[in-house]
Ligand code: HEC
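As structure tokens, one chain now follows by itself in the form predicted on its own.
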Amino acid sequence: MTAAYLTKKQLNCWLPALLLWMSAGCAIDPDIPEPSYSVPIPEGFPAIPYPDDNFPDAGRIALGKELFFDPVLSVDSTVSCNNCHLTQWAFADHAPISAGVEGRLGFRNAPTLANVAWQPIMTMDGGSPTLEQQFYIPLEDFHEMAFNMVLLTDRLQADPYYTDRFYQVFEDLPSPFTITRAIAAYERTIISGNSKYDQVMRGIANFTPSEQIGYDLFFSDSLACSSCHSPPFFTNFEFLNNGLYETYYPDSGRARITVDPDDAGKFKVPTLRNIAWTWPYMHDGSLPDLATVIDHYQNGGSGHRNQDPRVHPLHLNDEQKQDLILFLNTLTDDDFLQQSD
């Protein structure tokens, strides 16, 4: 594991500074504070693109973790972030649709938060540009926390414990800025990168013969799985239609944001890390297990007009389908699953 925490702005300056040490041709902006905490990054992963106003900080991370697991964030103090993103299930949920306040159901399956730090845009439809802003979506959704930031801020400011904690960390009261920065700081530490697959790539483990066949199939030109589910994150972060439905998507996906019919049924390609533990699958939780998912792609999708051309019949036999599933199982990170709340 290595520590990586430079922003893009700093990275652009760092190399010239090394090469031109005496001339100091490019200096790091002195107004940007140095991070006080180094988040461990798995070998082979790029640096986390931190925003300039939310460097990793041990205090922010600890406070954000408290908030993540505290139902105080919801209108009736019954639902926390962890209600839908459970640690033991790779920060996902085994319910097709998670229940929010008063058991209300939304319309999307809760995705894993693993490696969310690297996502260039948030949510399945790209509805939030940053991890900090993403928190407003579940907070204010009637089917999730059903609260709002003004009232949450008032609640936390009236709580002596949290008032003290925010002063310790930010030297300020709870506010939209400090609340969102703390939660996002914690969420950027939800990192998974020590699966059997990773250990094989690092030369400290070996695939079984069946897993190796599955690996070869996954990365083959004929299946082209890796063209969308690309290492190291096993997603390319694109918004694609995988042909789940033939004509109508009750949830139009990316089109909800762009209002473009050509984006109907397009969703962000999900990570496959810990995929064996994040069932059920698809944006609506409509496919119960990996065998059903493989069959969907085996059949070439439903043929929706926006279906990505990379979704095509796979022509796999039963043994090959099982080998592919066995490889997907090697993306499970046991250390990640066993972390405590």
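Everything quoted here is computed from the prediction, not taken from an experiment. In this text, residue numbers run from 1 along the sequence as written.
Same protein, other form: the form predicted in complex with the named molecule, not shown, and the subject of what follows.
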property: L244, A90, V169, V75 - the one with a heavy atom within 4.5 Å of the named molecule in the predicted complex; result: L244
property: Contacting member of V200, L86, A99, M149, with respect to the named molecule in the predicted complex [4.5 Å, heavy atom]; result: A99
property: The named molecule in the predicted complex: contacted by all of H94, T163 and R188, heavy atom 4.5 Å; result: no
property: Stretch in contact in the predicted complex with the named molecule, which is absent here, among 205 to 213, 126 to 134, 153 to 161, 191 to 199 (heavy atoms within 4.5 Å); result: 126 to 134
property: Distance check, S80 to the named molecule in the predicted complex, heavy atom within 4.5 Å; result: yes
property: Close approach of A182 to the named molecule in the predicted complex, 4.5 Å, heavy atom; result: no
property: Heavy atom of F218 within 4.5 Å of the named molecule in the predicted complex; result: yes
property: 4.5 Å heavy atom contact, D57 to the named molecule in the predicted complex; result: no
property: Contacts with the named molecule in the predicted complex - residues in 137 to 151 whose heavy atoms fall within 4.5 Å; result: P138, H143, E144, M145
